[in-house]
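As structure tokens, one chain now follows by itself in the form predicted alone.
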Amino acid sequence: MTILSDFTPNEMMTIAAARALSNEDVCFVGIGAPSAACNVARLTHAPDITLIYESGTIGTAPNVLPLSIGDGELCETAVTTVSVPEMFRYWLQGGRISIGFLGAAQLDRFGNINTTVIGDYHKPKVRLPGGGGAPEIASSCKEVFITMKQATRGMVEKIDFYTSFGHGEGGNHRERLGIKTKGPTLLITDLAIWKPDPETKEFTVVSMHRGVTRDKVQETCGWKVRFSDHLEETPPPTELELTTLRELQARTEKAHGGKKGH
């Protein structure tokens, strides 16, 4: 196994996220960074992972990253495609999906996600794409992984709108609301890997990527960062991981003619 030193923070984030998935997972995939991570996992160490997209495609194996959930690549490469009502009612709400993999425009320390608006809801500075299926994914998948770039505008003390419920106010807030799933159990950024504290549910840094400092993590986060007492360094990408990701992105770029699907 060859370890490479020439990689970008985004590549490290995608590969670290891919490593969190296993061959046995049934994963509900978000578009963008989650999709890249899930497909790198499928093309490397987890060939039998079941990837499900919101449009109803099950067992999807795209050759290129989709532009949206409606991309024909998903349906063409899926084992089967079901209706959206069946996808949500039977598969998702039926508890048949082990991992929900989401991105976020805004995220707080307890894993609550905003993808609706920046600013006041009635007079927003920016109106975002909205929740789509993410609110149901956040509450119905057995656990949720989140991936996003670190920046103070994204990782905030208080989100402007609750789109997808994480751990709410922390502690046992999910349980008090009758939500029986685990919620966010992992956050992967371009700088670090975070896990929720077992008691408070506040995200805590458990591993920093090579070359990253504690100061850099804090500078790009809008809340006071907690670091694990057993802080580790994330292993850098292997040659296989990095080559797989770059080839996937190159195919995607060629297929979409420069359009953003990753």
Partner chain sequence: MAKFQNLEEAVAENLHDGDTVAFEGFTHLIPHAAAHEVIRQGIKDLTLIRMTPDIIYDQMIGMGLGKKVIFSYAGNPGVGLLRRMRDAIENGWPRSIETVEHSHAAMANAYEAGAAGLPCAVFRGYLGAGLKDVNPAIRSITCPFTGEELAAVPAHRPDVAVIHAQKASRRGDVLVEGIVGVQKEAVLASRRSVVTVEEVVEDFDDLHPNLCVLPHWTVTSIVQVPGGAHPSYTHGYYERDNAAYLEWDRISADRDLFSAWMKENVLGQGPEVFAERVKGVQA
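None of these values were measured; they are calculated from a predicted model. Residue numbers count along the first chain shown, from 1.
Beyond the structure shown, there is the form predicted together with its partner chain, which is absent from this document and is the topic of what follows.
Comparing 80-88, 187-195, 150-158, 96-104 against its partner chain in the predicted bound form, the single stretch with non-hydrogen atoms within 4.5 angstroms of it is 80-88. With respect to its partner chain in the predicted bound form, the three residues E54, L128 and S139 uniformly fall within 4.5 angstroms at the level of their nearest heavy atom. Within this chain, N63 is remote from the site of its partner chain in the predicted bound form, having no heavy atom within 4.5 Å. Remark: P124 counts among the residues lining its partner chain in the predicted bound form, judged by a heavy atom distance of 4.5 Å or less. Among residues of the shown chain, S68 is one whose heavy atoms approach its partner chain to within 4.5 Å in the predicted bound form.
For the chain shown alone, E169 is not a contact residue for its partner chain in the predicted bound form, no non-hydrogen atom being within 4.5 angstroms. Annotation for 131-167: interface residues with its partner chain in the predicted bound form are G131, G132, G133, P135, E136, S139, F161, Y162, T163, F165 [heavy atom within 4.5 Å].
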